[in-house]
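A single chain comes next, written as structure tokens; it is the form predicted alone.
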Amino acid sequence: MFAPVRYIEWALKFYGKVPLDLASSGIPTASWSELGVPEPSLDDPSAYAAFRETIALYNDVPRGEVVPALGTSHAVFLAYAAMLSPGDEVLVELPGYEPLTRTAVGLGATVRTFERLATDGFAISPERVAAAVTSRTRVIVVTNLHNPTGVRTSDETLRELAKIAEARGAYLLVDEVYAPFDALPEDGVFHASARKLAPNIVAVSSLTKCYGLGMHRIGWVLGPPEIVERAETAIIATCGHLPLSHAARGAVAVANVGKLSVRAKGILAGKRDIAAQWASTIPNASWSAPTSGLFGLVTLEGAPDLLPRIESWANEHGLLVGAGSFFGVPNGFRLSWATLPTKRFEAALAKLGALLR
């Protein structure tokens, strides 16, 4: 049974509903007209093949390693469905993104965790992961950039994790929906997919977070042949086939990622440095210090669960941050700089600083 995902329910209640939104974790929604292309034909069956091909070209992987999906959330479900049987174990990072846990449990798996410690800068310790693996571990799961800290995991570390998984006949699942932020690809090709690092790495992503097309649910799974086959079987079992209109719009959108990259860079310019400077002024606060992306994690030493206070800020002051309670960090919050223009972002930070003090 799929239990409620508390974070998503909370986000739907609050995100985008306040004037000073420092919580929403994606580039603001792009209109179709911003692509500068005509509306595609929604009745052309060749769109299915075109969509798969454009995803492959964007990720620089073979077409046979691609399964289109309805956004990253659906891609996670398909990947898990392809890798797991009831009773298998999934090893998930902590702090972590709640849907990665809830979906695995809903499919009958047991979830174990390994810690990403603040004292390590939230970097992954392969030794800690190896110590947590058991004979029943089927999947090791990480986000890159890490959600909620924004910290990047190196290719070298991902290869080490893949080797740890391989020794158990398991997979490494990388949710890389935020990964392009290091170098948003104006040439339309994301060259750094984790899928290319090892045969047993499965990657999931979409155009939601980096490019502002979340409402169109343009996502995918990248994996080896057996994962592709099982994921496609899961699609047939759950919806028969994905909508043709989804494939038609997806093919055009992925082919025009370069334009969306330029837009995203303009929206984010300079704000990460502003956030870092602001965090350094908050007493008893620690900052995750991401080197790219659109959010970081602020933790307050000795603070209680901040969720009630965060909700009161939203209701009484029109200001929202992402509650760390939903990521396993109750004394922290995720701070995003994606939504507001620079001047309003600075004003919102000033107000948040006053509330924290």
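Numbering starts at 1 and runs along the sequence shown. On a predicted model such as this, the values are computed, not experimentally measured, just so you know.
The protein also exists as the form predicted in complex with a small molecule; that form is not presented, and the subsequent description refers to it.
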Within 4.5 Å of the small molecule in the predicted bound form, do we find a heavy atom from each of T72, Y178 and T208? yes
When the contact criterion is heavy atoms within 4.5 Å, does H246 count as touching the small molecule in the predicted bound form? no
Distance check, Y97 to the small molecule in the predicted bound form, heavy atom within 4.5 Å: yes
Quick check on N147: any heavy atom within 4.5 Å of the small molecule in the predicted bound form? yes
How about R195 - does it come within 4.5 Å of the small molecule in the predicted bound form, if we only consider non-hydrogen atoms? no
For the chain seen here without its partner, which of 64-72, 27-35, 304-312, 317-325 has a heavy atom within 4.5 Å of the small molecule in the predicted bound form? 64-72
The listed residue (T103, S261, T137, T143) that reaches within 4.5 Å of the small molecule in the predicted bound form by any heavy atom is T143
